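In structure tokens, one chain follows: the form predicted alone.
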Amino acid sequence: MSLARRILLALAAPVLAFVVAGAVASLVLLISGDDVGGFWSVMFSMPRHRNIVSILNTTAVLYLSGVAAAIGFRMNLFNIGVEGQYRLAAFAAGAFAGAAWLPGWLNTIAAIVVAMVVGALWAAVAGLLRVTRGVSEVISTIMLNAIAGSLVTYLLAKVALTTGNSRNTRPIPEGSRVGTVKLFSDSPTEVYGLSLVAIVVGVGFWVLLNRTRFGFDLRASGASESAAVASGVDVRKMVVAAMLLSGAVAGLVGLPSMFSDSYSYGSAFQTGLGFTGIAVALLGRNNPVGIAFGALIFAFLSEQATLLNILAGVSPDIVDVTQGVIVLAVVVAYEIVRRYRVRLEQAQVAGELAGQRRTPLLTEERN
């Protein structure tokens, strides 16, 4: 198969998914009597500088969440617990950093380590249940999400400072806060300093998958568990290791905004990022580069959704519908493209075999 055809097939699935999602969103708007033209005019409008900054910040956070989910997916482990892992980890990091037991940047680094350890240990519970009791990680991580939410609420009530209707951990000392990067002079918002962690995680994820023995074992276990066992891979250890690594990355999700904006963990802390990360990983096909594009697309849609009601009189909930349809359409589109690719490869192999059969016959006829 030529390189050009491979590129076209790689682009076919996401393009088809977006076309389907756009058609469904337009149909929903028509049925509800909303302005279809206004919706698309807002969605395709050029974001302002402050909106671009918000998109970049959201992209970094969603990328971390997507990579956390993708690590499990590459081994056929469905870590649905990224939501609980990052919330519990963010609370632990906020409480630790707010206590200011260490000075300056030491406090920041230690808090990041605390978040990764808490996220990893919470994810490891599902991994251990899988290898010791055969409990599906889907069920266990969903239950752990609920437990984590209740646990954070309980612990926050114990250690938080109450201000009005909100509860927050002690504020992070100024010397431990991470600065921001100013991209535009006219933008009141700036890029979170810890957003750069997303780049480090992305590069590390690619190197891990493609340049290490652990990455090979991870991919082999996900492709065929029986083949991995036959080649000497301890699949039980890989399950626990993959969940630990996935949880550690999930622990980073809430830190960029906390160390560069809110400076504490509170009752108003953003939730739902873990579930969105699962959709981002699916859209990016668990590939480090694909996840980056998926995170950017979801961040763009979410940012533009805030303008829909103001500029077009359309409920921003239609964007949630569009995002959901994109995920479903991507799954279907990739399967259609995969089957088409298999047929092309089979036809190519059949043609080559037929050519090899004809060659000896022509040789015999000449002789």
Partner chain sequence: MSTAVTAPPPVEAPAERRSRGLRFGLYLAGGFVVLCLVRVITGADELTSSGTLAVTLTATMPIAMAGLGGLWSERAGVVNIGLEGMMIMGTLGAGYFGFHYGVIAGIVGAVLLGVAGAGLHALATVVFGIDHIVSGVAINIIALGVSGFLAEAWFSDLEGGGPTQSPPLPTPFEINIDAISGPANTLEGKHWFLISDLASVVEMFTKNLSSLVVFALALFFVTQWVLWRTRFGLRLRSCGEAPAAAESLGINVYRYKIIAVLISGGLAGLGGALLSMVSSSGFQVGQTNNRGYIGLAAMIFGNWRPSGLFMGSALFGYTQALPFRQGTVSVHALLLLVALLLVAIGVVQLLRKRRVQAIGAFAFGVLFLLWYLVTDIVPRDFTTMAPYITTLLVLALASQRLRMPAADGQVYRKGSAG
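Positions refer to the first chain, counted from 1. Every value quoted in this text rests on a predicted model; they were computed, and no experiment measured them.
What follows is about the form predicted together with the partner chain, which we do not show.
Stretch-level contact analysis of 172 to 180, 271 to 279, 113 to 121, 248 to 256 against the partner chain in the predicted complex, using heavy atoms and a 4.5 Å limit, identifies 271 to 279. If you check the partner chain in the predicted complex, you find no heavy atom from any of 188, 190 and 195 within 4.5 Å. Though the partner chain is absent from this view, in the predicted complex it lies within 4.5 Å of a heavy atom of just one residue from 142, 100, 161, 199, which is 142. A single residue from the set 301, 52, 42, 314 has any heavy atom within 4.5 angstroms of the partner chain in the predicted complex; that residue is 314. The shortest heavy atom separation between residue 153 and the partner chain in the predicted complex is within 4.5 Å. The partner chain is not drawn, but in the predicted complex it has a heavy atom within 4.5 Å of residue 309. For residue 147, a non-hydrogen atom is located within 4.5 Å of the partner chain in the predicted complex, even though that partner is not displayed. Contact annotation for residue 109: none of its heavy atoms lies within 4.5 Å of the partner chain in the predicted complex.
Contacts to the partner chain in the predicted complex (heavy atom within 4.5 Å) from stretch 324 to 350: 324, 325, 327, 328, 331, 332, 335, 336, 339.
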